[in-house]
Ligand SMILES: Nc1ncnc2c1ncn2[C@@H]1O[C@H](COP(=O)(O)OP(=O)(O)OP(=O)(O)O)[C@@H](O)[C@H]1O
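In structure tokens, the next block holds one chain alone, the form predicted alone.
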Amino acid sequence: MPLLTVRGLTKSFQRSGRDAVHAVNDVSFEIDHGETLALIGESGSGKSTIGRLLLRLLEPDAGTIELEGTDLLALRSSALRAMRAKMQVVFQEPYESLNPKMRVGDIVAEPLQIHEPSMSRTDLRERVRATLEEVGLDADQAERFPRGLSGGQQQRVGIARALITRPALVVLDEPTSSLDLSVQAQILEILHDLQEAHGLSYLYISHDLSTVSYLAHRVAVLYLGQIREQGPLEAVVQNPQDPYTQALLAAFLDPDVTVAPSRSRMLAGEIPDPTRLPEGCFLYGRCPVRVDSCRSEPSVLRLLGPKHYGRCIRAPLSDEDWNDASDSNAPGRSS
């Protein structure tokens, strides 16, 4: 049984006097024990909203979320509070997620005091000390305030706070995006080592494909709140089958400054208005390899390879498909 099973997750945000924003649209996935699933996509694609729905920081409009076979959406008050010990989060901005008036030791200890109130003060201090050391902080830093720490140290505190209850699932919401490259590498190594040591499962939310390639086992590509492609890291990154995934990967800046993005995989136009979802394929208006049926027929995830799923009805796509679209000087092609 997977650790986490998500089916048909849907979320819209109602606005007074205005149309609702459809942020997450019928999203389904699983995360196994000790596995990292990365959610990637452009800003506004619904990545962080999904993370907050899993933690029930937001309530979904539809769908199911099961953790270790328990229906999280059916839990209320004390039962939900107890389950939160098994699912924690590391936020994007470390300083903003830490209480500036609390010392580091108290910040890390707080979740344990909530979920294990009978623990002795001696055992609590020892757990805090051990957890700080696991994330690369000295025990004496427990007496410091967040403002006295560097960004990387602050994020280590955030990781320690998430780890202290020994959770099964941790949502990592772009945990390295605000850090410089050298510190990013250190944080990723810590997360990797913690996963190996404790069998943690991660939902890793990111737009940085280099960090995804280091940490993820599987990848789900989001566009307009919908999964376009999902599968093992190697399949999605090295052999993408959806035109959006191919364009996203082609636009990624290579560390080698002499390597330019591939313009042959660029998408035209803008992301559709999330208050008015397209009738058929969400990518239709921007896709250079579309056919007429894409306009009205809703796309569904179908099997493309071992545990590899995609929505494009023309997959697998070849270089010739893209070249033909480029040569036609047309935004699409008809069947």
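All residue numbers are counted from 1 along the displayed sequence. What you are looking at is a predicted structure, and each value in this text was computed from that prediction instead of being measured.
Absent from the display: the form predicted together with this ligand. The rest refers to it.
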| query | finding |
| --- | --- |
| Proximity to this ligand in the predicted complex (heavy atom, within 4.5 Å), stretch among 44-52, 287-295, 65-73, 304-312 | 44-52 |
| Distance check, L317 to this ligand in the predicted complex, heavy atom within 4.5 Å | no |
| Close approach of L9 to this ligand in the predicted complex, 4.5 Å, heavy atom | no |
| Interface membership of E116, this ligand in the predicted complex, 4.5 Å heavy atom rule | no |
| This ligand contact at R18 in the predicted complex, heavy atom, 4.5 Å | no |
| Every residue of G34, L191 and Y202 near this ligand in the predicted complex, heavy atom within 4.5 Å | no |
